[in-house]
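Only one chain is shown below, in structure tokens, and it's the form predicted alone.
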Amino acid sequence: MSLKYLPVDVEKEIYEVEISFKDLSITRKEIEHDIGYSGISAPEHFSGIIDAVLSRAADKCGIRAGYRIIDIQKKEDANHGLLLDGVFFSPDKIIYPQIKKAERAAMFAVTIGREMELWSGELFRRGEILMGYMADAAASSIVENITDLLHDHIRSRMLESEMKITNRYSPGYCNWNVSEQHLLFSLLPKNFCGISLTESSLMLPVKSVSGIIGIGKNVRYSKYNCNRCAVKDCTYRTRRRPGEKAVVLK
């Protein structure tokens, strides 16, 4: 899929990417998988609830996605660190080996806006607990699906320059201190893609994803080394490889 990208700041290589809900491959089965029904059937009444949520999701998603490409100025093996545009990141020993051969990095951010979050909250307040839960679960699946598309887009753009990309990594995962969200967003325009940070590094809107992707001639995408990480419910354990066709389950 070829996505249109719009320059925000050409000199700094900052872009937003146009992604619409119709570009996504979200299905009932995917949401059932994400809430724990992988390989087994979800309760029958879940189907109608999930379908009802998905039928309204398009109107409640304000999708925005973008990234900045930055040269890596310096790498420090001893500190598992990277210097990008004068900002030093310490992604820790799980992530660092995966990106230390990178020459450049894509700092990205994705959100679906606040409407799904507000809708889910309203459903909970009205006592429609299951519907609210499914709306929240669908929102999480949707934002990850969008991030997959952005990852694929960056991969395709880099291939034009005969460059490869790594997995994506986010502060808060794989022992990367979540406080470095503030460093990441310091390299992006203020409120980039409509996202802001709290003092505790929580992204607002909540259904947002940010992170880093390594770029270079000698990097590679590989299966996430999940056996080294203690986070058992990490979304990256089941994400597909960028460049693979999204599977639409029926």
Partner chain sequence: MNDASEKIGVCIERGKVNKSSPYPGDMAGQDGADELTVSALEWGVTPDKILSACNIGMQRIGEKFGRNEVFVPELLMSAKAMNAVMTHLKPFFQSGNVKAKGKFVIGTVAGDLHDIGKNLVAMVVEGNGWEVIDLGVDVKPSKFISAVKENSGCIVGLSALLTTTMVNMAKTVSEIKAVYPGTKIIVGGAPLTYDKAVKMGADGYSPDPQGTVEFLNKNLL
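Numbering follows the first chain given and starts at 1. Every value quoted in this text rests on a predicted model; they were computed, and no experiment measured them.
Heads up, the form predicted together with its partner chain isn't pictured, but that's what we're talking about next.
S.K.: Spell out, yes or no, whether the shortest heavy atom distance between V178 and its partner chain in the predicted bound form is within 4.5 Å.
M.R.: Because a heavy atom of V178 falls inside 4.5 Å of its partner chain in the predicted bound form, the answer is yes.
S.K.: Is there any non-hydrogen atom of M134 lying within 4.5 Å of its partner chain in the predicted bound form?
M.R.: Yes, M134 sits close enough to its partner chain in the predicted bound form that at least one of its heavy atoms falls within 4.5 Å.
S.K.: Report yes if any heavy atom of I129 sits within 4.5 Å of a heavy atom of its partner chain in the predicted bound form; otherwise report no.
M.R.: So I129 counts as contacting its partner chain.
S.K.: Does at least one non-hydrogen atom of F124 fall within 4.5 angstroms of its partner chain in the predicted bound form?
M.R.: Result yes; F124 sits at the interface with its partner chain in the predicted bound form.
S.K.: Give me the residue from S55, S222, S200, N191 that has a heavy atom within 4.5 Å of its partner chain in the predicted bound form.
M.R.: Contact residue from the list: S200.
S.K.: Within 4.5 angstroms, counting heavy atoms, which one of the listed stretches 183-191, 61-69, 209-217, 39-47 is next to its partner chain in the predicted bound form?
M.R.: Flagged stretch: 39-47.
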